[in-house]
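Below you will find one chain, with nothing else, as structure tokens; this is the form predicted on its own, and questions on how it binds or moves follow later.
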Amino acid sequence: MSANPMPRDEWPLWEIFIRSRRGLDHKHVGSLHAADAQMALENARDVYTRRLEGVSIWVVPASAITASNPDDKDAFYDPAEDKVYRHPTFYHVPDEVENL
């Protein structure tokens, strides 16, 4: 009996995020289908870090992600325009600071 009774063509889609070095953020690198989180993690390791590109992998079920619609960006982000204090223009960042 198979460890994954779900037919392969019904496996859920997982979004894969890799952190390339400590202190950096995870970046979306792609998607894959897998029967469960452990399989998604192992497959992501095999597919997306073949050359030791990462120190950490996140796998997230695509069904758990809610995204804004790019066509609605003007209306969606409009309230941020009048909040200039949220923009980092008021701060001086020293040249020696990396990965900010």
Partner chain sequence: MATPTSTDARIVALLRLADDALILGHRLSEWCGHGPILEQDIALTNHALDLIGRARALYTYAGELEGAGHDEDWFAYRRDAIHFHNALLVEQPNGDFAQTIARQFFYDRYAQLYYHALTESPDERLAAIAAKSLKEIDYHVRFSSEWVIRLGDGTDESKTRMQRGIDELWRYTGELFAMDELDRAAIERGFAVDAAPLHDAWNTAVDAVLAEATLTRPEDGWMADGGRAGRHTEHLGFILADLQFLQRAYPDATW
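These numbers were taken from a predicted model, which means no experiment stands behind them. Residue numbers count along the first chain shown, from 1.
Beyond what is shown, the protein has a form predicted together with the partner chain; the following relates to that form.
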Please check if Arg50 has a heavy atom lying within 4.5 Å of any heavy atom of the partner chain in the model of the complex.
yes
Touches the partner chain in the model of the complex: Gln38 (any heavy atom, 4.5 Å):
yes
Under a 4.5 Å heavy atom criterion, is His26 part of the interface with the partner chain in the model of the complex?
no
Is Leu32 a contact residue for the partner chain in the model of the complex, using a 4.5 Å heavy atom cut-off?
yes
